[in-house]
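The chain below stands alone, shown as structure tokens; this is the form predicted on its own.
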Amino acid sequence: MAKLAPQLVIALDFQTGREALDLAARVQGLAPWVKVGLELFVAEGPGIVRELKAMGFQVFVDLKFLDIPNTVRGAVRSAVKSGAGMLNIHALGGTDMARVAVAARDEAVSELGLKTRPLLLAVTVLTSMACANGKDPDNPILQGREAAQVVLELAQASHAAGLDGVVCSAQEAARIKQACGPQFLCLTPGIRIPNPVASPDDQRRVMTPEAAVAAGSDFLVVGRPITRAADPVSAARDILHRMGGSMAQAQPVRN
């Protein structure tokens, strides 16, 4: 299967459906994907997924399921039935939970007669985790280890369980591709544009769009740099331009 070009996912991290739909209308036709996370989903329910699909978007339902396998099974089935084109679980749930999630996704696809199977990813280590030196001794997930190593181990376990890919920092994408193969997907939040006057936020393991594409990211999730920009359309176009430029540089010259 040929590798698709990296795609932009705009994170609609808003408190209300109206705000999310207003922004979605402005970027309609620019990005193929939007993300519905916990804040928006809890406020609006699965109906917001259907509304965004009706606008022509593919929707990443970012709810990071982590529970006993039977509960995750039901949650995955419900997410697929809501219209999710992509969804995720936590890799920390273990192999049994991951395999049950894969089976639940496939069951829902069969029941609904879907032609395209929604992508199922595993969250590894949140991009907000890790100190400047790559370690966080007080974090119960990292336990003093480098985030990159923990991410790689979780990615390998997720690959073995049959998931389509992982959510990780773009800083870890190249190692994951090397270990799990080029078809194993890397969705990377924490995408930032260098800006000396930008306000600090909670993302730590970050990368520029150009560097993320070069590292092997398949999906770049971008929220605040677009949604909080004075001109979200121009901001989205700039990021797409940066992504495309990085891809062009990576292409071999043919005579």
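Quantities reported herein were computed from a predicted structural model and do not represent experimental measurements. In case it trips you up, residue 1 is the first one in the sequence shown, and so on.
Not pictured, yet referred to below: the form predicted together with cytidine-5'-monophosphate.
Though the partner is left out of this view, Ala157 does not reach within 4.5 Å of cytidine-5'-monophosphate in the model of the complex, counting heavy atoms only. Proximity of Ala11 to cytidine-5'-monophosphate in the model of the complex: non-hydrogen atoms within 4.5 Å are present. Contact check for Ala75: no non-hydrogen atom falls within 4.5 Å of cytidine-5'-monophosphate in the model of the complex.
Not displayed here, cytidine-5'-monophosphate is kept clear of Pro69 by more than 4.5 Å at the level of heavy atoms in the model of the complex. The single contact residue among Val222, Val213, Leu40, Val34, judged by any heavy atom lying within 4.5 Å of cytidine-5'-monophosphate in the model of the complex, is Val222. The stretch among 146-154, 96-104, 78-86, 118-126 whose residues place heavy atoms within 4.5 Å of cytidine-5'-monophosphate in the model of the complex is 118-126. Contacts between stretch 149-174 and cytidine-5'-monophosphate, counted in the model of the complex as any heavy atom lying within 4.5 Å, involve Val167 alone.
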